[in-house]
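As structure tokens, one chain now follows by itself in the form predicted alone.
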Amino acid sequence: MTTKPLGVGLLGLGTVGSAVARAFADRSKRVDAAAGRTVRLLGAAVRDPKKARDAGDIKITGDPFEILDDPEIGVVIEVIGGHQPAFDLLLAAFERGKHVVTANKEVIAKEWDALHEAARLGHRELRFEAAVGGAVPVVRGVMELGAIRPRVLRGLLNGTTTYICSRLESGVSFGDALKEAQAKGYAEPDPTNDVDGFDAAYKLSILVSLLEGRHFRPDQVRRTSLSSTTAAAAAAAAARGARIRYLAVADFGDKATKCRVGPEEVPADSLEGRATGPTNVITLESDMADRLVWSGPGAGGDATASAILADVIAIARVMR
């Protein structure tokens, strides 16, 4: 094991950030063994440093630059979410020679070229497994399929909407299903990104960008909201042997790639139809690899934290 420890800093300490902090505290020996070196979470930057938090014995600051300028921190984990100030802070991290791990699908989808160029110029890692699929390692899986020609990518990329759809089948109203999702930590207090398809569009944009080797902008994804879907519509679909699911679909045509996200009926016995709760299911059809499927928990603090830790460990392995 390498003797020099690797310091890690957090930007954000909400649901996901707190799960990351707990994982570092509870699984330090496992993380160190997997990384081949000592890895320690040294501090976190938050909006309100006076708020009581379960983050273990780490430094809490209201100034993100205390994390970015700390010479002992080699990896910055960004879990603030949203476009700004996250984008500027990530650029600042690269400028200061930090590796970056982020769960922020919006900033990756919107600033694909700028972030990858900043990482290249700084000779640092940009990793974002947690931005798509929660605990499901679909980003890494897609990145390792560079030689294939994709045909269709489809699936459930948003755990919140899968949970809501599965509750609608039980006769629960949309509003009550949404409140349940928020109470369980699957949906944010402002659920717009989930129910109106922005979240799924960001994730689809990232996967298509990886598969095509170029930036596919999220505004190129056609969105349809889930908010008008009712328990009655779910019951009508069930009578036809189908279920409503919030699908993300990319059709890779010869001349153009067309993408959409929105509620659609799927066969009840399909992978998507059988998915319940916050489950993500992603299916890729291609010329060389035929049909590949990834599935697992796509929402929640612990699921996302597992992907973040995997990225930190991967960086630690190549840092010598």
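Worth saying up front: this structure is predicted, and the values here are computed from it rather than measured. All residue numbers are counted from 1 along the displayed sequence.
Note that the form predicted together with a small molecule isn't included here; everything after this is about it.
- Task: Find out whether any non-hydrogen atom of Arg243 is located within 4.5 angstroms of the small molecule in the predicted complex, and reply yes or no.
- Result: Although the small molecule is absent here, Arg243 would stay clear of it in the predicted complex, with no heavy atoms inside 4.5 Å.
- Message: Residue-level question: is Thr162 within 4.5 Å of the small molecule in the predicted complex, judged on heavy atoms?
- Response: No - in the predicted complex, heavy atoms of Thr162 and the small molecule never come within 4.5 Å of each other.
- Is Arg53 close enough to touch the small molecule in the predicted complex, meaning at least one heavy atom pair within 4.5 Å? Although the small molecule is absent here, Arg53 would touch it in the predicted complex, with heavy atoms inside 4.5 Å.
- Does any heavy atom of Gly296 come within 4.5 Å of a heavy atom of the small molecule in the predicted complex? Gly296: no contact with the small molecule in the predicted complex.
- Tell me, which of Val138, Ala130, Ala248, Leu90 has a heavy atom within 4.5 angstroms of the small molecule in the predicted complex? So the residue touching the small molecule in the predicted complex, by this definition, is Ala130.
- Query: Of the residues Ala181, Ala103, Leu226, Leu156, which one places a heavy atom within 4.5 Å of the small molecule in the predicted complex?
  - Reply: That would be Ala103.
- Would Gly7, Val75 and Ile315 all count as contacting the small molecule in the predicted complex, using a 4.5 Å heavy atom cut-off? Result no, not one residue of the spot touches the small molecule.
- Would you mind picking out the stretch of 168 to 176, 232 to 240, 209 to 217, 76 to 84 that comes within 4.5 angstroms of the small molecule in the predicted complex, counting non-hydrogen atoms? Selected range: 76 to 84.
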